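So this first bit is one chain, no partners, the form predicted on its own, shown in structure tokens.
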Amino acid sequence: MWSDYEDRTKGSRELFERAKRVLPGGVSYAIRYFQPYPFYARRAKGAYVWDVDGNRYIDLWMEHGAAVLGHNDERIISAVKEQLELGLHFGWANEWEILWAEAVADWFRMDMVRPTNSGTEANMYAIRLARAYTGRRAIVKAIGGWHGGYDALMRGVHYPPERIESLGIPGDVTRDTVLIRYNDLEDAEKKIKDVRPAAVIVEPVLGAGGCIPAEREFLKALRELCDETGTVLIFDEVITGFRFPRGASNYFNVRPDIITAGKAVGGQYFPGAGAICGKEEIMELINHVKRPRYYERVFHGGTYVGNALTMRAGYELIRILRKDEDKIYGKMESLGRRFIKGLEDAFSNSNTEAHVTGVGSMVGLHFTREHPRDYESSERTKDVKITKELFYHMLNRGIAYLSPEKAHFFLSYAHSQEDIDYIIEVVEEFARSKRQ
């Protein structure tokens, strides 16, 4: 399974041996590791990434889903080069944070926005705002929802969902975090009415759960339940925010009270990228002018928030998306439909049970006995062995995604129909091998 990969990636193997001495686990983020060692990327362009050994891969990971336009879009890079000459980060207010905020608020159809340094920070501040606004403590989140490394949300991410997601988080920190099953109206109604939480936070499409979309009626019911109980509804759109025109809230036609964004909101490629977007009455709790006493407002800040480089890149991305919205999202939607049908057809006559989930440019493939409609059903009967076999089969044929245990894929505007057809061909080859 690994022999072909090891023959082609000797440079990566050498780097991994060096990395292990100074980076715990040999990488900067555990999700980027796979056995026997990860490849180390050297450059990327469009739909492709090249490793240090010169191997080219069709990229279906796309910067953790952030690269909607593909790697190194020349229009964004050109704007950034110009900004590099003017200054990256001033530590002062700058014009680009205003232009960015106007663009982001308009994109998500929200009243006000503040930048954050990451999606994790956006969710942390969103919870803080919800607690301040309601005067309550409890949080309701869906099992399988990944909302970053904020302690209070590090529960119910992996299967089984009972365990806290990390050492170093005291149990009482997640005591007020209540779990509901994704797409389960009855469970949501019972717990939200019983708990009357400060916030309900949910991904409109489960990212780490394998690109499982919410049922529209589930999201509508959450909106109604939050209205009934005076609860703040938060959509985590760190992944979905730019994978749909005007975000997933627009696609599902459900308006939350707060939208959190990350990754792409800073122009796809740059750190210091995140946003809290919300209704004015909630966002104004941050307002230091109206609330001059620190103990009467919600703290939000950070040295690099609003830095000119990231703000300009984010503004440029939204300008491009707005200008060619129909063309960009029409192509991504078309590629997604073609990919989903190709995956379904590949396994239709196979002895291997496989189910495809997804919407738009987000696609998941699940080797399960049941069609996944929530995170638990995507994990409960999953054939991990076959899932890993597919990963290495694809990797050895120049197709890369993460992780070996989770076959979910992010398409971009830079992918071509030929790319999708080749990927389907490789999956069909894998499926045929399972019929024998």
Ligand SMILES: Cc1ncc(COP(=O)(O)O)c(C=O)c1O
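All figures in this text were calculated on a predicted structure; none of them were measured in a lab. Numbering starts at 1 and runs along the sequence shown.
Although not depicted, the form predicted together with the named molecule is the subject of the following passage.
Q: Which single stretch, out of 84-92, 306-314, 146-154, 177-185, brings residue heavy atoms within 4.5 Å of the named molecule in the predicted complex?
A: Looking at the other structure, the answer is 146-154.
Q: With a 4.5 Å heavy atom cut-off, would you call P115 a contact of the named molecule in the predicted complex?
A: Output for P115 is no: heavy atoms all beyond 4.5 Å of the named molecule.
Q: V238 versus the named molecule, in the predicted complex: is there a non-hydrogen atom within 4.5 Å?
A: Output for V238 is yes: heavy atoms within 4.5 Å of the named molecule.
Q: Would E203 show up as a contact with the named molecule in the predicted complex if we use heavy atoms at 4.5 Å?
A: Yes.
Q: Looking at the partner-bound form in the predicted complex, is T134 within 4.5 Å of the named molecule by any heavy atom?
A: No, T134 is distant from the partner.
Q: Quick one: of G119, G210, G267, P197, which gets a non-hydrogen atom within 4.5 angstroms of the named molecule in the predicted complex?
A: Looking at the other structure, the residue within range turns out to be G119.
Q: Could you check which residue among R243, H366, K263, K141 gets a heavy atom within 4.5 Å of the named molecule in the predicted complex?
A: Of the candidates R243, H366, K263, K141, K263 is the one lying within 4.5 Å of the named molecule in the predicted complex.
Q: So which residues in 322-360, when you check the named molecule in the predicted complex, have a heavy atom no farther than 4.5 Å from it?
A: Stretch hits: zero.
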